[in-house]
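Only one chain comes next, encoded as structure tokens, the form predicted on its own.
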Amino acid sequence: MLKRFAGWTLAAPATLVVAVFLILPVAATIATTFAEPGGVFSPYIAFFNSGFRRNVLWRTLQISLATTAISLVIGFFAAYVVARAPGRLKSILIIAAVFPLLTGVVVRSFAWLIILGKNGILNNTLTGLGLIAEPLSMLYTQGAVIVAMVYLFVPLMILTLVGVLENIPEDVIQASSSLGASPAATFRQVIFPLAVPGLIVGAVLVFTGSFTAYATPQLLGGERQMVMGTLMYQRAMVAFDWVGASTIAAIMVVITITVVLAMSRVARRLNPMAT
């Protein structure tokens, strides 16, 4: 009993800080959406009755899921190479992976404006090689937003997976090979299941980051590719519709929590150590 009481006492300050600075502000924001005179759920009904807002929500989900899937594939194989590299080379590769994180999100997004612009590096290269006759319109498209978001979040995915892959014992992989398993079978039956916890953590971080992103979609997508983050900013800071902005925030919170819980359930099914 004393040990349990001591544990709660030690956790109380951190719990209080989380409740005051995280839970209460979010709860207060969501509570404002239920105080409208038109009915308890009237802001949410108005949101989903709008075809434009439904399209924004669907576009945000598409961008977030595509960013997460691409980041998982690239990040996994990059992290596997880093985890299996010798000591000094591993340090260099980790520094290379971390280096983009030392620059702000806005700066890295502006870099893609230079790369993808009509007079940018990519168009100039393609035109110089004779592959295209005139510059392509790559900015302010969904693809441009996804490419930039993948660039932003792949380093985070790599850092999340490197530690997990490093902890897979080498003798387990060698034992699989000695028992006649092909490299593909070893990857499918040994490496991938043991890496599932890291994959889920990385996927959650990338999805939540891309689903709530504002700067990158605003710079590379603009009004044509509006997402939930830019829509919420518009409702709050341009239209001064605080209830509408709070409704968008509440929907984003619910979707994020739902996706996190779904990914956790998938992780328990795929991870043999959890059963």
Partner chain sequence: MPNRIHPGLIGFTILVYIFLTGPLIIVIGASLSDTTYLTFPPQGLTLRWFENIFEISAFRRTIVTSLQLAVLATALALIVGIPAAYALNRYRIQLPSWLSTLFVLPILVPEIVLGFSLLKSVAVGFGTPIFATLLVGHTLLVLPYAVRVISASLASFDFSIEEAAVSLGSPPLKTFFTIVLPNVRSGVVAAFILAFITSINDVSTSLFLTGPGISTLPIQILAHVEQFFDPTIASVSVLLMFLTVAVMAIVERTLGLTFLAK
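Positions refer to the first chain, counted from 1. It should be emphasised that the depicted structure is a prediction, and the values quoted were computed from it without experimental measurement. We call the rigid core whatever largest set of C-alpha positions still superposes within 1.5 Å between the two forms.
What comes next is about the form predicted together with the partner chain, which is not displayed.
- At the 4.5 Å threshold, heavy atoms of Gln225 stay clear of the partner chain in the predicted bound form, well away from it.
- Mapping the unseen interface onto this chain, Leu10 counts among the residues with a heavy atom inside 4.5 Å of the partner chain in the predicted bound form.
- None of the heavy atoms of Ala35 is located within 4.5 Å of the partner chain in the predicted bound form.
- The partner chain is not shown here, but in the predicted bound form it comes within 4.5 Å of a heavy atom of Val107.
- Residues Phe47, Leu136 and Phe207 are none of them found to lie within 4.5 Å of the partner chain in the predicted bound form, as judged by heavy atom distances.
- Though the partner chain is absent from this view, in the predicted bound form it lies within 4.5 Å of a heavy atom of just one residue from Ala144, Ala203, Val154, Ala195, which is Val154.
- Proximity to the partner chain in the predicted bound form, defined as a heavy atom within 4.5 Å, holds among Val98, Ile132, Ile168, Ala185 only for Val98.
- Annotation for 119 to 142: the only interface residue with the partner chain in the predicted bound form is Ile121 [heavy atom within 4.5 Å].
- If you fit the rigid core between this form and the one not shown, you'll see the Cα of Ala184 move by 2 angstroms or more.
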